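Before any questions on binding or motion, here is one chain by itself as C-alpha cells, the form predicted on its own.
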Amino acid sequence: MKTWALIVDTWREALARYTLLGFLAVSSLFLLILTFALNLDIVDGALAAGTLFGKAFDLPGKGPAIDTVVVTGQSVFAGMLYVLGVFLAVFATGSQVPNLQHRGTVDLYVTRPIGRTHLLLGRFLGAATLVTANLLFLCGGVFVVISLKTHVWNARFLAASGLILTVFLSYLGFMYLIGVLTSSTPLSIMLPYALYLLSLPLAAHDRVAAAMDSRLAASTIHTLYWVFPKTAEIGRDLTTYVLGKATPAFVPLATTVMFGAACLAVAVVAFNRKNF
C-alpha cells in the first residue's frame, strides 16, 4: 500500500504541475498531424499513390508492396519517436527529486513510517509507470493510425517502445542521482540531455581514440564509451528491429541498464545520508 501511495503521489504531482498534460498535448498533436497528413491509395496490395503533408505522389506502374512501404516508414517513425519520447520523458520527470527534497515536502515524507530507500524507489516506480503510459499512448497511437490506414499490423513497431523505455529508465536513474546530489531541476534536465548527445559520437569511440595524441586520452574515450548509455547503438538496433532485419544487440542494452542501475543505487545511498 505504501508503494501504491507513492505511485499515486507521483501522478498527482505530474497533474498538478501540468507536465503530464503537456506530454499528452504534444503526443496528441503529433498523432493528429500524422492522421491528417498521411493518405495512401492501395491497389492489389501495392502502393499506387498517396499524399504526405498535402503533397501528392504518384507511382508509375505497380508500386512497391504496401508491407514494404509500411515497415520502412515505421522504422523512420521509430527513430523519430526514440528521440522525441526520451526527450519528453526527461522533461516530464526532471523535477521529481528536486521537488521531493524541498523543505516541507521532504519533512512530511520522512516523518511517516517509511524508509528513505522505499521512498526514493517508490517515486522511481511512479515515474516509470507515468512514462510507460505516455510512451504507450504515443507509440501505440502511431501504430494504430498507420495500421488502420494500411491494414498492415507490424507488431515489432509496438514492441520497439520497450527499447525506448529501457533507455529512458537508464537516464531516469542518472536524473535521480543528479537530483539527489544537487536538488536542482535545471541540472536534472540539462545533464541527461548533454549525456544523450555525448553518447552519440562515442559510438565511433575506436576512430575517436585512434585520433588522440596520447594513450591516456584514448583510454578515457574507451572508458566513457563503456560507462555511458549506448544511445546511438540502441537507436540503430531499434530501426533495424522494426524492419525485421535483426534483433537488438545484448551488450549495448546490458551496459545501458547497468549504468542506470548503478546511478540509482548511488542515488539511494546519497539520499539516505542526507540531512533533512
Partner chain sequence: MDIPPTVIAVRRLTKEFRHWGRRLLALDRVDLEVHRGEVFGLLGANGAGKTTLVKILLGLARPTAGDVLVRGSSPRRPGTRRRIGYLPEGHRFPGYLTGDASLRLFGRLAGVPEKALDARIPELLELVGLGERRRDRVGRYSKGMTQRLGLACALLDEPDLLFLDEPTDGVDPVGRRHIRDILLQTREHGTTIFINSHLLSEVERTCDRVAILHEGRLVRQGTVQDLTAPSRRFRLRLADGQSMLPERLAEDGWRVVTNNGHLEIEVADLEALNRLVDRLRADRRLIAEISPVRTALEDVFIEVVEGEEHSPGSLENGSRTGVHGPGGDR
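Positions refer to the first chain, counted from 1. Everything numeric here is computed off the predicted structure, so don't read it as measured data.
Omitted from view is the form predicted together with its partner chain, to which the following refers.
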Indicate whether A133 is a 4.5 Å heavy atom neighbour of its partner chain in the predicted bound form.
no
Subject >> Residue contact check: D107 to its partner chain in the predicted bound form, 4.5 Å heavy atom >> reply: yes
Closest heavy atom of G115 to its partner chain in the predicted bound form, within 4.5 Å or not?
yes
Non-hydrogen atom contact T111 with its partner chain in the predicted bound form at 4.5 angstroms:
yes
Given 115-123, 74-82, 152-160, 186-194, the stretch touching its partner chain in the predicted bound form at heavy atoms within 4.5 Å is 115-123
Contacts from 253-275 to its partner chain in the predicted bound form (any heavy atom within 4.5 Å), listed N to C, are N272, R273, K274, N275
